[in-house]
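Next up is one chain by itself, shown in structure tokens, the form predicted alone.
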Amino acid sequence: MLQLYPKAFPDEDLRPVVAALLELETDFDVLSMATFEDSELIAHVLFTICGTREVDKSGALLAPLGVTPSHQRRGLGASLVRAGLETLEASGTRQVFVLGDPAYYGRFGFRTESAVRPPYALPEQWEGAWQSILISGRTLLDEGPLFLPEPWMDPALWRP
């Protein structure tokens, strides 16, 4: 999985957080989904199960989502997001969060989120980038900060 991220995000090193998430041995779960072409990884997404209380596991954080540049704009990322949302719905997840482009994630129904906060304050230029989607008419998570596993607790991951 790790070989994809330098290609998809040449200005960020997401390999450490992805590796740490894939190796989690805690109460948090991670949903990992990938697309291969001729045994080459071309798209990958992680959903980290989380909540607004440490014991709550009814939410999920969508991040990161990466597609190799030569395969972008073919719907691979969108397919992975949709498949992940379907899997999370079947598992009882209530709400999914993402820090990303509102134009992209809005296509799936994500909307600006204000009641549930990321673990660190976001810069003003990212206003509107913290978003969520309620899954299948379920109730919203309680208001407050999102509790995430240790790999997500690096402040640098929440800054430009």
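For clarity, every value in this text was computed on a predicted model and none was experimentally measured. From 1 onward, residues are counted along the sequence shown.
The form predicted together with a small molecule exists for this protein as well; it is not shown, and the discussion that follows is about that form.
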For the three residues 118, 150 and 159, verify that every one has a non-hydrogen atom within 4.5 Å of the small molecule in the model of the complex; reply yes or no. no
Please determine, with the chain shown alone, which of 33-41, 100-108, 46-54, 118-126 has non-hydrogen atoms within 4.5 Å of the small molecule in the model of the complex. 100-108
In the model of the complex, residue 135 touching the small molecule (heavy atom, 4.5 Å): no
For residue 77, is any heavy atom within 4.5 Å of the small molecule in the model of the complex, or not? yes
Does the small molecule come within 4.5 Å of any heavy atom of residue 72 in the model of the complex? yes
Residue 66: touches the small molecule in the model of the complex, heavy atom cutoff 4.5 angstroms: yes
